[in-house]
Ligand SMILES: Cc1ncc(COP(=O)(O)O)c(C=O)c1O
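One chain is shown next in structure tokens, namely the form predicted on its own.
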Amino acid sequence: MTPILTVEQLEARAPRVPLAHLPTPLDEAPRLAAALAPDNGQRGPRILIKRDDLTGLAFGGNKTRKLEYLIGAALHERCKAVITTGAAQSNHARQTAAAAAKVGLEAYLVLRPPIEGLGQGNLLIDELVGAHVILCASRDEASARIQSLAEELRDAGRPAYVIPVGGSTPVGALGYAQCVVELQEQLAERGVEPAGVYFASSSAGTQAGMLAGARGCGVAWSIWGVAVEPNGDEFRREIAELATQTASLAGPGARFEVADVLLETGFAGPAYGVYTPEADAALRLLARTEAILLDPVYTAKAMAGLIGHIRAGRYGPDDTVVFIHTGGTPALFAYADQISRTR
């Protein structure tokens, strides 16, 4: 099927600055698939991994796709700085800081708990790329600091573009509408129609963009977000609303309801940033079968969700599933005391 939605259409809707190494690879994972085959001698589903951890830009990750549009908007509005927020080991903050450095903008990162790995992981990279890092004790303090900082920079003649947590705006989510176009082309080259597409879902933008892109391209994939913190219907509503806004911005237009949002919540653990036994098992299994590294906060939980669905018999030997690796590898080092068995 010829896609209804194209990258050219998206770029006509919102300015885009090339930051990512695209297209990212779509790799086979045969040893992982073999490890997850049922005990009855049958094959399990074919597993493909979309390597969005290889987007480049200071260790890469999914936020780079969003930042192509968000930084494009910041430059279009003639801003001199960007401000964003997240947890201390935020992958989004790290990639925002790197994107700002690449295009010559100042970056202000207003970070809040959980605060893990001071001087390590993403925080170390934030420092190296020249970001101004402001640590806050709570979400409320971070919100107030963002507002006051934006006012200070505006009054100083250095207006800032404020990017919310995860870059999850309709503009940012366009990056994952574009990802659907790219993934569809790669799958078509292989003659594959996936039974399910899986990824970590946290701030709504990636899943909203995937939903909008899939509707725009006319594909009927089952798009599964795996929640990384306890949430449910309220988060589904956020995703549906953002997907509707993104589809409107992208051009084709569509309305999404809560029922359109597939969200697996059973692998989140007790709280955001808590490393779970299921995440640990998934991280080690992928490392030892495919030498692909996950992160403890997002992708390990997402892979645990995919593994759980495969082991529950949701997919058969004739099915193909796609896992989108959204990055986050630097956090491995910040969580070393929880992950390593040799310390």
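The structure presented is a predicted model; accordingly, all values stated were derived computationally and were not measured. Note that residue numbering follows the sequence shown and begins at 1.
The same protein also exists as the form predicted together with this ligand; that form is not shown, yet it is the one meant from here on.
- Item | Candidate stretches 197-205, 212-220, 145-153, 107-115 - the one whose heavy atoms come within 4.5 Å of this ligand in the model of the complex | Partner-contacting stretch among the options: 197-205.
- Message: 62, 168 and 298 - do all three of these have some heavy atom no more than 4.5 Å from this ligand in the model of the complex?
- Response: Contact check passed for all of 62, 168 and 298.
- Is there a heavy atom of residue 24 no more than 4.5 Å from a heavy atom of this ligand in the model of the complex? Although this ligand is absent here, residue 24 would stay clear of it in the model of the complex, with no heavy atoms inside 4.5 Å.
- Task: Consider residue 91 of the chain shown here, and say whether it contacts this ligand in the model of the complex, taking contact as heavy atoms within 4.5 Å.
- Result: Although this ligand is absent here, residue 91 would touch it in the model of the complex, with heavy atoms inside 4.5 Å.
- Item | Any residue of 300-333 that, in the model of the complex, places a heavy atom within 4.5 Å of this ligand | 326, 327, 328 sit within 4.5 Å of the partner.
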